[in-house]
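A single chain, nothing else alongside it, follows as structure tokens in the form predicted alone.
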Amino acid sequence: MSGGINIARTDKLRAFALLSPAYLWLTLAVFLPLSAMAFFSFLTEVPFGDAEWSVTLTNYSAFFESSTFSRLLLKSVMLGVKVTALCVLIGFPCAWVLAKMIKGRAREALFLMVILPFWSNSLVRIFSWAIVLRGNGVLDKFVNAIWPWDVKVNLLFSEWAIVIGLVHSYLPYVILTSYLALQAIDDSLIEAARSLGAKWWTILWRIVLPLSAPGLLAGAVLVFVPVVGSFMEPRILGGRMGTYYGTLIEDQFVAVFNWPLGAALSFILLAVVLIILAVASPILKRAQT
């Protein structure tokens, strides 16, 4: 009995030793910055230099006193829904093609195209889209080259430009997570359904979607959470139309130097995202069963 207890204790110590670097990294990279931001959100002034500060709830009450904050937050949530929906609609068929229809080097080439955006700087990608979408840009010249009439295509500084830039940035997350889930589906299940006369939409709805739902939902979450707080794409591609909750928070830290209000707005955004995920979690679990 004592030998079994010693073995169990040794296993726990070994597991703790293996996991301690990860926990240490999480503490240093996540919890400490969050703790500092939480502390700042309750202050009247940033505690730098000789500034006098005190504890207050004014930063949080400012959100509820101004309708502008809540309106921008709703605008950002709707942007996250649109971008996530487009990523799912585009990414899931791409993942299906990669997982079930293409083999060998062709798959490797397509995978390279999928992960290629990760190899470039985000600012480079955004400014590249600005060159493509602006008036007299690449898209404008291409359309006029194949269209018999003179057409002006200028999507820059519009919501569509922001959506296009965000979809391009986050689409690979949906493709990769959906691919892993689809790759795990046994092909014999699909073949059996086909041999029994099931239509393609029945196979998709009754077999493919339920079995691939974990990967698809994981990709959707990986897209929705950062998009709600995004600020670079709206700032560069949206112009005056690109004022969202993320740009508002950026302004508090960079332009106004009101770190307490920016920290409070950030934690309100975090709370809203967690509430949305908590509310959607039972619905998503029910969809998987």
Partner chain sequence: MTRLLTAIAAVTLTAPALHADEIRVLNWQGYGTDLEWAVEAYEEATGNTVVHEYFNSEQETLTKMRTNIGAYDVVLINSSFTPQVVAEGLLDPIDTSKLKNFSNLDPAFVGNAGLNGEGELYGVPWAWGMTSIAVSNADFDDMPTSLSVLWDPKWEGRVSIRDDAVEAVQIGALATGQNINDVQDLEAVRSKLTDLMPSISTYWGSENDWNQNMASGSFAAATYWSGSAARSIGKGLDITFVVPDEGAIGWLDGLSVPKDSANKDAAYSFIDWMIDPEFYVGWDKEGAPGSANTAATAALPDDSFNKAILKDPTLTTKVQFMQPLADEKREEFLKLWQDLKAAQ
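Positions refer to the first chain, counted from 1. Note that the structure is a prediction, hence the values are computed from the model and not measured.
There is another form of this protein, the form predicted together with the partner chain, and it is not shown here; the text below is about that form.
- At the 4.5 Å threshold, heavy atoms of L72 reach the partner chain in the model of the complex.
- Remark: W96 does not count among the residues lining the partner chain in the model of the complex, judged by a heavy atom distance of 4.5 Å or less.
- Contact annotation for A29: none of its heavy atoms lies within 4.5 Å of the partner chain in the model of the complex.
- For the chain shown alone, P33 is not a contact residue for the partner chain in the model of the complex, no non-hydrogen atom being within 4.5 angstroms.
- V256 is the sole member of V256, L57, A38, V46 with a non-hydrogen atom lying within 4.5 angstroms of the partner chain in the model of the complex.
- Annotation: in the model of the complex, residues K100, R194 and K199 none come within 4.5 Å of the partner chain through any heavy atom.
- For the partner-free chain shown, G239, R240, M241, T243, L248, D251 of 237-251 come within 4.5 angstroms of the partner chain in the model of the complex, judged by any non-hydrogen atom.
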